[in-house]
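A single chain comes next, written as structure tokens; it is the form predicted on its own.
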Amino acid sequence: MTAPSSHVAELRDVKMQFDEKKVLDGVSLQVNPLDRLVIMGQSGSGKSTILRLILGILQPNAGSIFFKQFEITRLRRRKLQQVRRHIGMVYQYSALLSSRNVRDNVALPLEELTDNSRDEIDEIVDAKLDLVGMKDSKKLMPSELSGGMKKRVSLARSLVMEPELILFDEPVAGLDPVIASVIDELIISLTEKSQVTSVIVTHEMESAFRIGTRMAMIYQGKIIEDGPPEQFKQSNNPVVAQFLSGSTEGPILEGSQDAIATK
């Protein structure tokens, strides 16, 4: 019998493979209360896979995944749905339904997962849209929103169920540097005000160091460094140092097709 976790979320020796490609190779990671844990790594390194495993969208080939005392990998579908109510998700490209206006997009989890009346839902939606500065935009359609506005709406939607954990998949992807900074600051203020724990997947280094209270880097299927941002800046690990600097010199490209092509 696997002992329950005392963390908000935890991966224990998780292995994940897609066809022949080994993505996670014995990953263990704990998410502590009120962490803003940034997971970094190259494209295809398994960062977003970790988020999907925590949500129970994917099942690992081996290992255990917990949300608080619940072992996600063992839950029946109905119980998993109940647990997911406590986890918010902000998708990379906002994932707003194009046929529904802002109000209806934000209301969707409440309509699907609660018995709240329309008036109660409207009250919650207004409060969350107000938090992200979008209360006056609730009648707009997604096609009428800028990238930054879509991200704000997606943030509001992730908060409507009062989650204990929010997962962010590349929250500033595709945004210009100024709007990216605004979204970063919004994530910080919302998670602090709501006393919510968060896991942020990103390869944007400025954003990572702005948001993160803790960082973990995944490389070749394993967590190779885990600690506060200052530890990363001073890391002696050559992979971490190269990733942070963006240098083409170092172990990350050695032996890869990219490296061979540039020689």
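If you're wondering where the values come from, they're calculated on a predicted model, not measured in any experiment. Start at 1 with the first residue shown and count on from there.
Keep in mind that the form predicted together with a small molecule is missing from the display, and what follows is about it.
Just one stretch in 190-198, 25-33, 45-53, 231-239 has heavy atoms within 4.5 Å of the small molecule in the model of the complex, so which one is it? Single hit among the candidates: 45-53.
Worksheet item: Taking the small molecule in the model of the complex as the reference, which of 222, 210, 203, 214 has a non-hydrogen atom within 4.5 Å?
Response: If I apply the 4.5 Å criterion carefully, the residue I get is 203.
Discussion item. Between 181, 116, 92, 73, only one gets a heavy atom within 4.5 angstroms of the small molecule in the model of the complex; which residue is that?
Written reply: Result of the distance check: 92.
Checklist entry - Heavy atoms within 4.5 Å of the small molecule in the model of the complex: does residue 122 have any? => result No, residue 122 is distant from the partner.
Under a 4.5 Å heavy atom criterion, is residue 104 part of the interface with the small molecule in the model of the complex?
Output for residue 104 is no: heavy atoms all beyond 4.5 Å of the small molecule.
Interface membership of residue 170, the small molecule in the model of the complex, 4.5 Å heavy atom rule: Residue 170 belongs to the contact set for the small molecule.
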